[in-house]
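Listed next as structure tokens is one chain, alone, in the form predicted on its own.
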């Protein structure tokens, strides 16, 4: 019966399709309405390089099939966030993102969120940047991103880590403002960021790079929040959540060890409760190990 349920789960829509549709809609809105500073050539190069890197990695790893969903998600996220004057840099970022899934692994699980790692490398090396002002402050656009993201994380069974991060991040921003006597308009302005919402709904919620258990994910979100705010207010550097996620990624294996749970499988999204043994699921769907 359990094996039949696993086979029949393929009839449900893969959560990554929701992510691709959501990110594509946001990118189109940004290009057509907000006039993002990203050319059609950069979009094409980023997506093409990600797909090529996935194909090469799949061939090298001996995977039975080429799956374009994961590289599409990473490349669309890079198109939304990464800004550069050179197409070669866009291609390099895509290659780093996808290549990291195959090269940086721990116990058959890639360690870093691909988009997050590529952005950190590009920004840290001075080859690219994130433009926080490109989104504008329209509240309804924030609701659009939040709504699309909610659809994604709910379908992917990772709502908990997104909500934990947002509540911790917002709560500590307001606590800091009250402690310093700042007007509440300051933390409200800091939260009015499309990049922050995309980070919360599409990056920290990545099922393949977050802890397997719900408890582990909540602890992970709190750690990432603390590091993000430390970077932002003590080191006075922008993009705190980006660096917080990079810094906390190596703690995921430890959290998985402290709070063990079933490994996530795209074919049967769960919050951490096993329905079939993990080795059986991986043997039935070996290509998903690198998704």
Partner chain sequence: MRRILVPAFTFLLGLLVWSGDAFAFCGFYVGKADTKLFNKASEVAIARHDNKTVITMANDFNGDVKEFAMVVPVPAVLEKEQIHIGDPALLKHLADYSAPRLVEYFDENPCLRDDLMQDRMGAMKNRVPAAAESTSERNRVLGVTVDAQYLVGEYDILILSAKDSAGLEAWLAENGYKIPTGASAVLHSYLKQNLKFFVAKVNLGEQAKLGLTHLRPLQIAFESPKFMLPIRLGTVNADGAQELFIYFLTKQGRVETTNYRTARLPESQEIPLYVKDQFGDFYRDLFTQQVKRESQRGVFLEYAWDMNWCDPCAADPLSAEELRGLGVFWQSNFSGPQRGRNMPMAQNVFLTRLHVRYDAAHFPEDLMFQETSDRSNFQARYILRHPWTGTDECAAATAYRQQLRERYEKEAQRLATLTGWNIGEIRTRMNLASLPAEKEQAWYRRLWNN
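Positions refer to the first chain, counted from 1. None of the values given here were measured: they were computed from a predicted structure.
Omitted from view is the form predicted together with the partner chain, to which the following refers.
K.L.:
Considering non-hydrogen atoms and a 4.5 Å limit, which listed residue (219, 72, 130, 120) is close to the partner chain in the predicted complex?
P.N.:
Of the candidates 219, 72, 130, 120, 130 is the one lying within 4.5 Å of the partner chain in the predicted complex.
K.L.:
Pick from 112, 201, 135, 169: which residue has any heavy atom within 4.5 angstroms of the partner chain in the predicted complex?
P.N.:
It is 135 that has a heavy atom within 4.5 Å of the partner.
K.L.:
Can all three of 64, 105 and 230 be found with a heavy atom no more than 4.5 Å from the partner chain in the predicted complex?
P.N.:
Not one of the three qualifies.
K.L.:
When the partner chain is placed as it is in the predicted complex, which of 56-64, 36-44, 245-253, 220-228 ends up with heavy atoms within 4.5 Å of it?
P.N.:
Contact-bearing stretch, as computed: 36-44.
K.L.:
Any of the heavy atoms of residue 235 lying within 4.5 Å of the partner chain in the predicted complex?
P.N.:
Result yes; residue 235 sits at the interface with the partner chain in the predicted complex.
K.L.:
Find out whether any non-hydrogen atom of residue 84 is located within 4.5 angstroms of the partner chain in the predicted complex, and reply yes or no.
P.N.:
Because a heavy atom of residue 84 falls inside 4.5 Å of the partner chain in the predicted complex, the answer is yes.
K.L.:
Does the partner chain come within 4.5 Å of any heavy atom of residue 190 in the predicted complex?
P.N.:
Yes, residue 190 sits close enough to the partner chain in the predicted complex that at least one of its heavy atoms falls within 4.5 Å.
K.L.:
Pull the contact list for 165-179: residues with a heavy atom within 4.5 Å of the partner chain in the predicted complex, in sequence order.
P.N.:
Heavy-atom contacts to the partner chain in the predicted complex: 176, 179.
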